[in-house]
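One chain follows as C-alpha cells, the form predicted alone.
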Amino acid sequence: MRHRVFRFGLILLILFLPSVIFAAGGQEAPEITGTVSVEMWHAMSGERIQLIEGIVESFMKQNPNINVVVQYTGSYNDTLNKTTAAFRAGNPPHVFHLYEIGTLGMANSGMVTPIGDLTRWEEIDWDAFFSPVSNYYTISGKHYSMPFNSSTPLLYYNKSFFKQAGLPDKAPATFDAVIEVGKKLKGSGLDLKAPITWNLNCWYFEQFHCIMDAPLVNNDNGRTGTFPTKALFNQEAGQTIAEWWTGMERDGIFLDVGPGWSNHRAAFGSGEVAMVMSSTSDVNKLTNLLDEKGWEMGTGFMPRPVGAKGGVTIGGGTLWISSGHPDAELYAALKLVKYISEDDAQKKWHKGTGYFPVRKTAMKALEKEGWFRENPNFLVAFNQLLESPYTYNTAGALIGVFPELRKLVETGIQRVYAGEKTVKETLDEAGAKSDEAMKEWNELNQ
C-alpha cells in the first residue's frame, strides 16, 4: 500500500458529549467547555521566540477558553527527540514543530493525527495556500501537517562591494557567472576571505537538484509507487552540483565556514565575503547586519547551471498534532494551528523574519499595504517560488531516512574539501549507504 500510515498505540476517542457545536467540516465538533489547555513545542530560537509567543497570545485573546502553553524546545532535531520521548512516556505536546524532511517519517510514526482527519470538524481552504507549500506536506491526497514557516534559499550580495569592484548591481544567475563574479571580486582589492559562502548543509544540494529538475531518489522522488529504494543524487546532476561547489572551495572562491546557521551570516555581515546563500528567513537579519556597517544588500534567485529548467522547493517546517488526546483538546489544537496559518499571523511572522506567508491571501494583503514596494528584498523569495514549475522533483523528496541522507552528503562534501575523495567517490559512497538505510527503514514500515 502506498505510504500506509501505522497508528501503533493510537486510541480513537469517540466522545458522546451532552451538547455539541456544528462545524463547517461536515461533522459535529466537540464542545470546548471550561478551559482546555494545549501544549505547543517549537524550534524557533532568538527573537522568533517572542514573535511566536505574541501570535499565540493573540490567539488566546480570541479564544479565551483555550490556554496555550508554548515552549521553545531547541532545534528541529531536539524538538523531534523530545516529542518522541514524551509520546513514549504518554504525555506528548498537542502541537509540535518539525522540519520538512521529517514528513514521511512522521506520517508513518503512529505519533500524529493528520490535519486532514481533523477537518471533519472544521474545514480548511487548502486552495488559499501556495500550492508548493501545501503539496509538500500532502501524501496520497491527505494533508498531514499545517504549514507554518516556509522558506527557500536566496543569493544575498553586498551591493556596496559590487559597486567598489565595478560589478553590475545584480546577483549572478548561473554557476558560471558566480565563478566569473568571484574572480573579479578576488582581483578587486577588497579585503575578502573569499567572494562567497554558505553553510555546510545538504539543503542547498537538494535545492540545486530541484533547480535542475533532477530527483534525489527513485520512485518519482518518493512520491509515487512504493517508498523510495535507491539514491539518485550520485548521478550527473549531483556530480555537477558538487564539482561546482567543491571546485570553488579549492580555487579560493568559496569560504568553508562549516555547518550551523551562524558562521556564514557572520562572514557576510562582517565583510569577509561579498555573497552568501542562505534562507529567505534571514532577510531581516542580514539586512540589519549590513546596515550596521553602512552597506546595502541585494538579493537574487539561486544560481543554476545554464539550461536548467526546474525551480526551488520549500524548506522550513510545519506544525503537527500528536495523537491520543481527547477530542476537545484535538479540536483546540486544530483551531490553534489553523490560526497560526491565517493571514494576520502569517503577515506578522513574515515581517519579523523573512519566512514567506504560506497563504496567497496574506501575500495579496501585503502587496496592498505596499510592503513589497518598501521592502523589495522580501519579494524575491515569492517570485523565485512562484516561477518554479511543479514536478515530482520540485515538490521535494519524501524519504524515511532523510536526516541520515543529509548527514552522508555533508560528510562527503567535507571529505572532498580535505582532498580525501573525489566527488564521484564520495557521492557513490553516500548513495550506497543511503540505499542501505532506506532498505532497513522500508522493511520496518511496509
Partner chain sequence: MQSYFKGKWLPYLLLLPTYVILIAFLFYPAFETFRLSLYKVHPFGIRKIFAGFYNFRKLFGSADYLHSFWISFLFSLSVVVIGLFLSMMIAVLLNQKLKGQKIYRSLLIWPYALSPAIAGALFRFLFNPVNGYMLYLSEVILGVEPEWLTSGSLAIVIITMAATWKNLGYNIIFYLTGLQNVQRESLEAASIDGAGPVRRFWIITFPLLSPTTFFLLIMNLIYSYFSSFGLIDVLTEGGPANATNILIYQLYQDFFVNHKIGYAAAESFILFTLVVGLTLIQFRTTGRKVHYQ
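Residue numbers count along the first chain shown, from 1. For clarity, every value in this text was computed on a predicted model and none was experimentally measured.
Omitted here: the form predicted in complex with its partner chain. The next part is about that form.
> Within 4.5 Å of its partner chain in the predicted bound form, do we find a heavy atom from each of 108, 249 and 445?
The answer is yes: all three residues contact the partner (heavy atom, 4.5 Å cut-off).
> Is residue 80 one of the residues lying within 4.5 Å of its partner chain in the predicted bound form, judged by heavy atom distances?
Yes, residue 80 lies within 4.5 Å of its partner chain in the predicted bound form.
> Could you confirm whether residue 174 comes within 4.5 Å of its partner chain in the predicted bound form, counting heavy atoms only?
Flag for residue 174 set to no.
> So in the predicted bound form, does residue 366 come within 4.5 Å of its partner chain, heavy atom to heavy atom?
It does not: once its partner chain is placed as it appears in the predicted bound form, residue 366 has no heavy atom within 4.5 Å of it.
> Closest heavy atom of residue 122 to its partner chain in the predicted bound form, within 4.5 Å or not?
Judged by the heavy-atom cut-off of 4.5 Å, residue 122 is well away from its partner chain in the predicted bound form.
> Using a 4.5 Å heavy atom cut-off, which residue among 230, 170, 142, 193 comes into contact with its partner chain in the predicted bound form?
Of the candidates 230, 170, 142, 193, 193 is the one lying within 4.5 Å of its partner chain in the predicted bound form.
> State the residue from 302, 257, 289, 328 whose non-hydrogen atoms include one within 4.5 Å of its partner chain in the predicted bound form.
That would be 257.
> Among 203 to 211, 174 to 182, 259 to 267, 348 to 356, mark the stretch whose residues have heavy atoms within 4.5 Å of its partner chain in the predicted bound form.
Partner-contacting stretch among the options: 259 to 267.
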